[in-house]
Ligand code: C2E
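Just one chain follows, in the form predicted on its own, and it is written as structure tokens.
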């Protein structure tokens, strides 16, 4: 097909498809049902493509492996292939139905076209695959087109992956601290936030490099560096912000089940004379939601050491009330998006209800992302325990905390 496109100077497009959440089907219903689902999806693909191309003289739909498919579209340019992609996505509106029932699967699609996106089958498939991952990473159940910008970003991510493996933590990593306050405007703690300045490519956002660190296996070294640096900084933090200070540290979800991590945590506590109750270890809500009873037991081991456990980014996942009851946590941190919603006039009753629900379970509530006085006032009225956000303080190096505190106290007196 590609040789024909080259010979007659025609367009040629490839769609790379990955079925989202297929593993859930295999795990819940068994591989036999999973196989039947794949066959049903294949049949729908074949039928749709036969109609689109108005021919069925040869196969145009291929299953590569697992739940991944390739569709070849001879004589289709990027625009006309996009129309076919939209029809494929419609097959998965509200999941996928066939005679064995309804299944909550969707599809992520990547599209690459000859000649602009590649001149060989290998290159086209690779680029369509890259576009598919872009679709999956931006929310699934959608189409992404291959582009030079996408390829550039992919090269940058690969460079970050390489540099992470060679990182010198003492020379390249640093911590910023973000103070938090209570209703009386007292500084109750601060969050340690990791920063990376690479000598080769400059500052790199944690949102970019932390997921890569988790995937490539350097997360534990980075987590332990953050913890150790926080332990080292704690006496200075106390001298500036107060003796009763609590420091919050984010830990990677990839740490879960790691006996080595807990062992090294104990060693660092002993080495620096740390009281674990002065530190809060934060995990994301999405991680907490997905974990098994073994992970819950792992968190309990951290609590038994004396550390407090917090759920970070609460409001971005889909936590049920039962899960909230079961979590072995001391603190829940409302995500910025949730704060924005529950401080809207028509939803303010929800703020009080959510906070009361946490308090009934003896869980402290921290509201993140506070950016306006109105948000702050609304949440204090709803009995929020702690607030954090740019209205209060931005993340800053430890050397500038004293100046911030003096300015904060001055503003407090003026108000």
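Because the structure is predicted, anything quoted here is derived from the model rather than measured. Numbering follows the first chain given and starts at 1.
FYI, the form predicted together with the named molecule isn't displayed, but the following is about it.
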Out of the stretches listed (50 to 58, 370 to 378, 23 to 31, 352 to 360), which one is close to the named molecule in the predicted bound form, meaning heavy atoms within 4.5 Å? 370 to 378
Would residue 206 count as touching the named molecule in the predicted bound form under a 4.5 Å heavy atom rule? yes
With a 4.5 Å heavy atom cut-off, would you call residue 193 a contact of the named molecule in the predicted bound form? yes
Does the named molecule get within 4.5 angstroms of any non-hydrogen atom of residue 188 in the predicted bound form? no
Is residue 252 part of the interface with the named molecule in the predicted bound form - any heavy atom within 4.5 Å? yes
Taking 4.5 Å between heavy atoms as the contact cutoff, choose which of 237, 226, 160, 85 touches the named molecule in the predicted bound form. 226
Counting heavy atoms only and using a 4.5 Å cut-off, do 178, 313 and 389 all touch the named molecule in the predicted bound form? yes
Give, in sequence order, every residue of 336 to 354 that has a heavy atom within 4.5 Å of the named molecule in the predicted bound form, or say none if there are no such residues. 336
